[in-house]
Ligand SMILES: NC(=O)c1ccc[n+]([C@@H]2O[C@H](COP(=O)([O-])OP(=O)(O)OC[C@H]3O[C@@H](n4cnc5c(N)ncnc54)[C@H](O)[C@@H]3O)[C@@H](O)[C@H]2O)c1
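Consider the single chain below, provided in structure tokens and representing the form predicted alone.
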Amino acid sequence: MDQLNGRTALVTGAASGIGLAMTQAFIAEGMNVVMVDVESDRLEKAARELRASGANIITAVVDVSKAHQVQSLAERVDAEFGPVHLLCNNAGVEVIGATWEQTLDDWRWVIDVNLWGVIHGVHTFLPRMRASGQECHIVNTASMAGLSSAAYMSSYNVTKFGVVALSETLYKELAHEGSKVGVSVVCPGLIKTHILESRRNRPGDHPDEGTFGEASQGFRAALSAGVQSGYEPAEVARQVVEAVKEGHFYVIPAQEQVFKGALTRMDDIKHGRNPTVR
């Protein structure tokens, strides 16, 4: 989809981090953008600043884990902006802790947002994209955790592996039918975002995390330090724009970091080794 000017993008998790950076990058390309997030105050603040520069934006406070909210969003966007040409399923949350420390509510919350949120986006918007007959593109945000597994991140790893699997399958299916809908999956390394503060948006029907031990807390501290010194979200957004224009599937910022884990995992599989503990 090499022509973005005048077309419409929809970005979930758009109020901050990678989602906000993608929104800014799409606006720079002349796109209309639907900014979607659960944080109304942060969303409206970001939108006001972007509108001040002339951006054509609508905002929507939507919980992507709720299928009916995503469906209602699609109907509103159809009415106000017309068809969505670029869908970015980007919203994500995390729980850091040993597998036995994470509660079932931890699991449900992470899966509902990270995996079901992507499924709801694809299920709702893909039929509209295919029916339009226009060039369109879907970008699903996974993680390096979708290519290799780190300890203390079991629920997050499971969802991100799921997003990669869904994206790869969808790409192959659309390619088989010669569709004009492209697919990309984003698998960044450590990026400067607020992902480790995602519990601020945890809903009441998923009570907060359980009690985590010293090892889990140490891992969170180390991960936090890595995030603070990680890549800028704007670099992820730049690579996403390039992938959409040129039809690239894998978008992998911080390649050295990501490939180290992914290639070690593949070598373990190839040589029949037990998983390398990182």
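What you see is a predicted model; the values in this text were computed from it and never measured. Numbers follow the displayed sequence, beginning with 1.
Same protein, other form: the form predicted together with the ligand, not shown, and the subject of what follows.
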{"item": "Contact residue in the predicted bound form, chosen from Tyr152, Trp116, Tyr156, Phe81 - any heavy atom within 4.5 Å of the ligand", "value": "Tyr156"}
{"item": "Candidate stretches 239-247, 30-38, 211-219, 46-54, one within 4.5 Å of the ligand in the predicted bound form by heavy atom", "value": "30-38"}
{"item": "The ligand contact at Ile58 in the predicted bound form, heavy atom, 4.5 Å", "value": "no"}
{"item": "In the predicted bound form, Arg200 touching the ligand (heavy atom, 4.5 Å)", "value": "yes"}
{"item": "Residue contact check: His120 to the ligand in the predicted bound form, 4.5 Å heavy atom", "value": "no"}
{"item": "Non-hydrogen atom contact Gln24 with the ligand in the predicted bound form at 4.5 angstroms", "value": "no"}
{"item": "Sequence-ordered residues of 82-105 touching the ligand in the predicted bound form, heavy atom within 4.5 Å", "value": "Asn90, Ala91, Gly92, Val93"}
